[in-house]
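The form predicted on its own is given below as one chain in structure tokens.
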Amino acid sequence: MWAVAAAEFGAGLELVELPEPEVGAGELKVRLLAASVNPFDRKVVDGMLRDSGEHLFPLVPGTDGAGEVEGSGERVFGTFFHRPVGRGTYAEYVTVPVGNALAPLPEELDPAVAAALPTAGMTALQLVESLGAAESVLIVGATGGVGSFAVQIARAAGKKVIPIGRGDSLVEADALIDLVSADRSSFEANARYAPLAFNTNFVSADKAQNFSMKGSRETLVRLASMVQAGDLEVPIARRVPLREAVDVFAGHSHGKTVIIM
């Protein structure tokens, strides 16, 4: 099978030919139709998880995808991350533990759209629901995948959304979603503008402010239903064929990048 992979931590992506993965106990083998690119994927290639478990090289990144289950033909989408790390969704085939967050892929839903939903969509939906009765929310990093979803979901919930881009000044609000700050001081500077604040980079000394998404089949089904109803637009900025996907980490910050198999 063809895949896009890194030869070592920190290396650039290359197109490689690998054996199709073998199915282990409690796993499904999926022929992928599309995979979406997340910031987490690049962090894995850069070695974020090097001290937390075994990695396989060439390291194929990718956690989100949509495809067909080998043997049954069932169409699914969801999160495909598993260990050992390195056989992700930037490939024609992937295996996935049956306990992962997976949901049926509706026939009328574009696989590329479904592949772009899992991590970014579930994170955005759960973040907005964590805001409770807050009437206004600052969203720092509103143009990326999570931010684009969060803006739509928060507005649909009746909240006043104040999107913050590069160079914009912050104003006071009931809540803050910070998708950008990579260090504690930056987040704390932003958090002064709202009594309720969350970040997705785990930089706060207050653990309650470090948001972690919890994937589930039910949340994926909700997101797919929202898209089908026209209540949620999936912000796909680029669709890249797998064999041309070696540059998917390079300099694109607006919307989602999706790899098409």
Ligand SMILES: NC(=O)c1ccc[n+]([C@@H]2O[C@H](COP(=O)([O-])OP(=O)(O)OC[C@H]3O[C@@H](n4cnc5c(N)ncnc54)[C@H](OP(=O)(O)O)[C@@H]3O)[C@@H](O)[C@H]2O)c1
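Please read all numbers here as calculations on a predicted model, not as lab measurements. Position 1 is the first residue in the sequence shown; the rest follow in order.
Beyond the structure shown, there is the form predicted in complex with this ligand, which is absent from this document and is the topic of what follows.
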**Request:** Sort through Thr143, Gln152, Asn100, Thr95 and report the residue having a heavy atom within 4.5 Å of this ligand in the model of the complex.
**Result:** Thr143
**Prompt:** So which of Leu125, Ile164, Val137, Leu105 gets a non-hydrogen atom within 4.5 Å of this ligand in the model of the complex?
**Reply:** Ile164
**Asked** Is there a heavy atom of Ser212 no more than 4.5 Å from a heavy atom of this ligand in the model of the complex?
**Response** yes
**Request:** Answer yes if any heavy atom of Gly147 is within 4.5 Å of a heavy atom of this ligand in the model of the complex; otherwise answer no.
**Result:** yes
**Prompt:** Going by a heavy atom distance of 4.5 Å, is Leu131 a contact of this ligand in the model of the complex?
**Reply:** no
**Asked** Does at least one non-hydrogen atom of Pro39 fall within 4.5 angstroms of this ligand in the model of the complex?
**Response** yes
**Message:** I need the one stretch from 23-31, 199-207, 65-73, 224-232 whose residues put non-hydrogen atoms within 4.5 angstroms of this ligand in the model of the complex.
**Reply:** 199-207
